[in-house]
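This text opens with one protein chain seen in two forms, each one given by itself as structure tokens under the names structure 1 and structure 2.
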Structure 1
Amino acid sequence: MKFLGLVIVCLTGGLLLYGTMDLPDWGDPASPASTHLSDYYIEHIVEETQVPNLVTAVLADYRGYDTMFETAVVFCAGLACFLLLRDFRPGKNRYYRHIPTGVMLHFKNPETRMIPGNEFEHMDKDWVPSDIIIKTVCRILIPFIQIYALYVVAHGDFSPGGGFQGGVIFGSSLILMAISYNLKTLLKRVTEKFLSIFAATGVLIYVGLGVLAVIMGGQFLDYGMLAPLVPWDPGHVRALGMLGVEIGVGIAVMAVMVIIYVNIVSEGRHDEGL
């Protein structure tokens, strides 16, 4: 089965590489994209979308369907990781640390359990004492990283950024928390249920804005049709619609990043890992 999988991967990769032979050279000024689409976008994008960031306007407006399915692919990647790796079986070995003395206790019987509290805490097999300097530095940095992530999402229609970038930055701050403290500290703050709901909510926000435009009498993802629902400047409604889908993308990307990380490092058990 592994050999068959290797053959399929090699054949698929070979076909993809063969297909690239028909693509124009990188940066070719005579390519169709450079001679038709690029000029149109540069000349009309601000007038038609009210968004000065050309990349955001193309991704969320002109190419809104493509970006929506990209977000769905990100969600499916997290779901596939969950289905393949999640293991709900209890671990065979359990480790507890006596907090006052630091003595580690190892229970080989999975039925033997202790209630974590002020005296004992559940530990990883490869637990090592946390570095106070690393923990302190990360505790200071993480809020700033998260604020910057929110800025990247919220300001994506005016400057470089957007939902994908902001979601990755926010997700990396949560992963940094797991690395500097431990996996349990992260899962106490963002539970598996919380991450799953957020991953689905991000996709639903994107699709919901598109459906709402249809309900208002327009086409799918025609943000301009949302003007009666927005009490602010009607001319800026399209930009606000793009901000909405960017928020959905950011939420989905952040949640899926953490889901993939948690399931890989803990081998799907969520009981121990880096």
Structure 2
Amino acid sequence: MKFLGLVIVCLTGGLLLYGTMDLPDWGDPASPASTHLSDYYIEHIVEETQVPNLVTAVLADYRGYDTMFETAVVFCAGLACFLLLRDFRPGKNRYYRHIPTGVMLHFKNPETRMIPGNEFEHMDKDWVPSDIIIKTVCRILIPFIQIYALYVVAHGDFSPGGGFQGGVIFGSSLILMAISYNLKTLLKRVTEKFLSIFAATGVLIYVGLGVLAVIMGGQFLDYGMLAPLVPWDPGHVRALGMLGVEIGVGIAVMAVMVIIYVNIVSEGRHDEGL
């Protein structure tokens, strides 16, 4: 079986190399890939969409339909983690921590349970108190990471950046909080419900902007049709549409990152996790 695998890998590699024989030279300005469509994009994008970042314009406008589904793929991944890993069964032993003193209570009878509140919180046996230095450093860092994430999302049209990158940065700031404190601290601030709703809403913003264009009488995702709805320069509407779409992507990616992290590190139990 291993030998067969080797043979197949060699054959595939050989095929790929064989295919490269006729390819145009690397970076050749006369190759079809650099002449057929690229010229059109380079000459027309700024005038048609008023977005200086060509990559964003191609991804979010000319091929916005693809990007919408890529966002849906991200949503799928989050939902898949939730569907397969989330564990709804209650644990046998229950532990509660008295918040002011840090004393732990252990209930062996699965019937007895406390409602966690300001005095007590539900916790796990293998919880380890986190380090004060890490906590403090992360506490200082997290707000700046989040502002930077918003900056990256907002500047998607003008400089490298956009919804996917901004969403990842924002999501990682939340994950950093879970790592430096613990998962419960994070989930108290961004609950599971919040995350699921944000994941769906983010993609809905994208699809919704497209549908809005349909309602306004255009084709799906034709942001130019939104012009009567916004009080600014009508030529600039496509760029605004792209910004709206990027915000949707950012929200969805942020929520899905955290959903995936939370479900994987706690094996779906949503306890203290890593």
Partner chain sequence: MNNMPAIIVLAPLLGAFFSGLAAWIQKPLSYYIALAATAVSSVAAVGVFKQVLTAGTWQYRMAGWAPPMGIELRIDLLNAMVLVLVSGIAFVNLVASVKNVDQEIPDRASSFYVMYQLFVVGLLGVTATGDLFNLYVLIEITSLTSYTMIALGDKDRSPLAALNYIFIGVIGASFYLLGVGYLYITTGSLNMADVAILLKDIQGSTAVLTAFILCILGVWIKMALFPLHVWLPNAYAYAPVGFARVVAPLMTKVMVYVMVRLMVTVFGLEYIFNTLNLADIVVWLGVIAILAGAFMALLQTDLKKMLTYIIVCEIGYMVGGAWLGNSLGMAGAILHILNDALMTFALFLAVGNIIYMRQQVAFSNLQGLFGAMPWTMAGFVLAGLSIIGVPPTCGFFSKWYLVLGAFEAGAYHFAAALIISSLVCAVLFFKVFEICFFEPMAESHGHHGTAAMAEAPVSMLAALGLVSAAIIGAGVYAGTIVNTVILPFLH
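Residue numbering: sequential along structure 1, first residue numbered 1. Nothing here was measured: the structure is a model prediction, and the numbers come from that model. We call the rigid core the largest set of C-alpha positions that still match within 1.5 Å between the two forms.
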Quick one, which of these two is the form predicted alone? 1
So that I can tell if V103 moves, could you say whether its C-alpha shifts by at least 2 Å between structure 1 and structure 2 after the core superposition? yes
Please check if I264 moves between structure 1 and structure 2, taking a CA shift of 2 Å or more relative to the superposed core as movement. no
Does superposing the core leave D66 with a CA shift of 2 Å or more between structure 1 and structure 2? no
How much does the C-alpha of D28 shift between structure 1 and structure 2, in angstrom, given a rigid core superposition? 5.5
Core superposed first, then measure: what is the displacement of the CA of Y18 between structure 1 and structure 2, in Å? 10.9
